[in-house]
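Shown here is one chain on its own, the form predicted alone, set out as structure tokens.
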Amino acid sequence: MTDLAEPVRPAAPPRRRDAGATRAAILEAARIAFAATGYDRTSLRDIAALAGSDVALIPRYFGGKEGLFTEALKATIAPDRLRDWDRSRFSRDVAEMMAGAADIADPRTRTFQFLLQAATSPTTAPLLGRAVQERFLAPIRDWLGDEAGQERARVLAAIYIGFLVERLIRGAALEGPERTAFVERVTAVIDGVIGPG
């Protein structure tokens, strides 16, 4: 018998992974899945498949389904949207947007569907409530900038959400005189809440 050692093969270089890209893909897949089927009917396997990743990575990056939902919710409600909005155009811009069609491919429509799904689940409604306070009402209040900002922020949010629901139910864009009247009245309603620019 000879004492020959097998040749040592150099180790293959580790496969390069992009944790940030994987995390972002999972987060975007979660936003899409939760918007489409809600929290209770969406599984982690559904999300992982949509993201093209391993389901075991979700607990690693997000701690589980609730953590993933919370992060998706935070990513959905962007608190800085108002910061650069021209206050003198805000009411008319919103009115014109609401007179249009609810385009299912529009990220804003998907965002709203996600929020509606979250509001209807006993599991996620409290999470949504906290997120809305921190990431939606607080920035509106700060943007309005006065002592009555909290109350006006809540009224503005209610008006905005109501018009989003109406647009989603209506589906088609308004046209002709109906559109003109709608835009004028919605602009006046929102101007009445936000006050002079």
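Heads up: residue numbers just count along the shown sequence, starting at 1. Predicted model, so just to flag it, every value in this text is computed and none were measured. Under this definition, the rigid core comprises the largest set of C-alpha atoms superposing within 1.5 Å between the forms.
Another form exists, predicted in complex with the DNA; not displayed. Remarks below refer to it.
In the model of the complex, which of the listed residues (Arg170, Lys65, Arg135, Arg152) lies with a heavy atom within 4.5 Å of the DNA? Contact with the DNA in the model of the complex is made by Lys65 alone.
Interface residue in the model of the complex among Ala56, Ala49, Ala158, Val165, criterion: non-hydrogen atom within 4.5 angstroms of the DNA: Of the candidates Ala56, Ala49, Ala158, Val165, Ala56 is the one lying within 4.5 Å of the DNA in the model of the complex.
Flag Arg185 as yes or no: does it have a non-hydrogen atom within 4.5 angstroms of any non-hydrogen atom of the DNA in the model of the complex? No, Arg185 sits far enough from the DNA in the model of the complex that none of its heavy atoms falls within 4.5 Å.
Arg130 within 4.5 Å of the DNA in the model of the complex, heavy atoms: Outside the cut-off, so no.
I'd like to know whether Trp143 contacts the DNA in the model of the complex, with contact meaning heavy atoms within 4.5 angstroms. Close contact is absent here: in the model of the complex, Trp143 is far from the DNA, nothing within 4.5 Å, heavy atoms only.
Should Glu178 be counted as a contact of the DNA in the model of the complex, where contact means heavy atoms within 4.5 Å? Answer no; every heavy atom of Glu178 is more than 4.5 Å from the DNA in the model of the complex.
Under the 4.5 Å heavy atom criterion, name the residues of 18-36 that approach the DNA in the model of the complex, in sequence order. Contacts from 18-36: Asp18, Ala19, Thr22.
Aligned on the rigid core, do the two forms place the Cα of Arg179 2 Å or more apart, comparing between the shown form and the other one? Shift at Arg179: below 2 Å after core fit.
After fitting the core, Val189 CA displacement of 2 Å or more between the shown form and the other one: Not so; Val189 is displaced by less than 2 Å.
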